[in-house]
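So this first bit is one chain, no partners, the form predicted on its own, shown in structure tokens.
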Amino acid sequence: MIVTVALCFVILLVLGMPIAVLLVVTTGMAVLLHTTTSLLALPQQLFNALDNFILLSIPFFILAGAIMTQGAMAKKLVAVINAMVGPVPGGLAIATTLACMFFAALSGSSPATVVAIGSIMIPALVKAGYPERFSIGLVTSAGSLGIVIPPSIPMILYCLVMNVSVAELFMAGIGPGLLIGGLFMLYTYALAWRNNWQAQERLTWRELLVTVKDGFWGIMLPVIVLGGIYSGVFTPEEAAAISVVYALFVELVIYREFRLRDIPEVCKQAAILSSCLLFVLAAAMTLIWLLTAFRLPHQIADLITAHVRSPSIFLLFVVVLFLLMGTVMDNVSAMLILSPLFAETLNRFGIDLIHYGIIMVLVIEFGFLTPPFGLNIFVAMGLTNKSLVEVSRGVWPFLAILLLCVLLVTYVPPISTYLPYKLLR
């Protein structure tokens, strides 16, 4: 059966079959050729995979991000952050990174962060004298923090397939997110100091107060959503729904740059993206159901532990494997397929599933910035009308920083596990 699954998977992947259809067809071929189970089990398993209350949070978070991208909240946040750090060397670029980090805590979506912040900050950076390649690379790379800083849609998917706490994984993403954002800002500051990039004029206290007051409603959203989850006031699913209601209220009633006529189009965009994600999830869970029935995770664990004695070597193997997989398929799909297959191996090595989940999310972030499946690169291309090569050149320095962060988080677990261990266990 393993040979059938592998051959079918590779052939359909080379032919360019959509990943969700590929997974369903592969599962169907294995069921048909190697079991006596009826093919009616496939639609039943697809349904069972989606019959989980936590999945409600995905379309809600996507919809909230779409509303804020379409409205004024992103601009208000950028204005507040720029007013605070703009006067330091490289302040506008540092403000861009901070804005991406903050908007990531609002939307949970990497592409939405690139669109919302990039449409504002790339022209502003270029106008202020920053190199265009650097400006595009910074926004494209910092926008990827949308899947590291909670709430994060890939984190929710991982929690579902690996049966771990969403609140714990969300909290575990804070340390790595701050680490990556901090190193991006440090690199930006060093470039600004070396190239003598001009700092912005300092605002008066009165102007700063007015700017902060104007952006207050946007600043409060992550406080309400994440504070409510961590304090136990509401669940992640309820937090996602609250974020939609709050974003609609702020955009329609307070900022008033979002109109009622915009709602159908925003809902359409969110529905399409949600459907794609959930279809891939259902297809991956169906394949995992079949492979688990044949005890493939235990066979993989036996094979790995027979040749690998160190958890550190195993984690390095996993990181390299996922980076290579990112050249032939998107890493979110790879995580959904492969992570459950390594579950028994993780258990034998005593590797914490929260720590492993953050490693997976960081590798996915890396995949968002590398062709041919680098979603952020394609979003930046559409935003700036630049070629794949031009955008990729701007991203490479930040990829080197991100790779360093992946290794640090992999081999220094407290970076990700300290907060959830300290506060939630």
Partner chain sequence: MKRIIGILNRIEEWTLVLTLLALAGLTAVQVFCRYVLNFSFDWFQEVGRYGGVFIAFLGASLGVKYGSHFAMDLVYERVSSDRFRHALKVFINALGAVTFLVVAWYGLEQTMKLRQFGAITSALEFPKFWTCLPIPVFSVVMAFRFFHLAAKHLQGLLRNEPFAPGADRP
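Numbering follows the first chain given and starts at 1. No experiment lies behind these values; they were computed from the predicted model shown.
Separately, the form predicted together with its partner chain exists; it is not shown, and the next lines address it.
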Mind checking whether each of L183, I224 and P413 has a heavy atom within 4.5 Å of its partner chain in the predicted complex? no
Option touching its partner chain, based on a heavy atom within 4.5 Å in the predicted complex, out of L178, L316, A271, V126: A271
Name the residue from V320, L303, V245, V253 that puts a heavy atom within 4.5 Å of its partner chain in the predicted complex. V245
Taking its partner chain as it sits in the predicted complex, is P43 in contact with it (heavy atom to heavy atom, 4.5 Å or less)? yes
Contact label in the predicted complex: L56 to its partner chain, heavy atom within 4.5 Å: yes
Using a 4.5 Å heavy atom cut-off, state whether F366 contacts its partner chain in the predicted complex. no
With the partner left out here, check for me: in the predicted complex, does some heavy atom of V21 sit within 4.5 Å of its partner chain? yes
So which of 189-197, 210-218, 258-266, 77-85 is the stretch with heavy atoms within 4.5 Å of its partner chain in the predicted complex? 258-266
Within 13-40, which residues come within 4.5 Å of its partner chain in the predicted complex, counting heavy atoms only? L13, V14, L15, G16, M17, P18, I19, A20, V21, V24, V25, S38, L39, L40
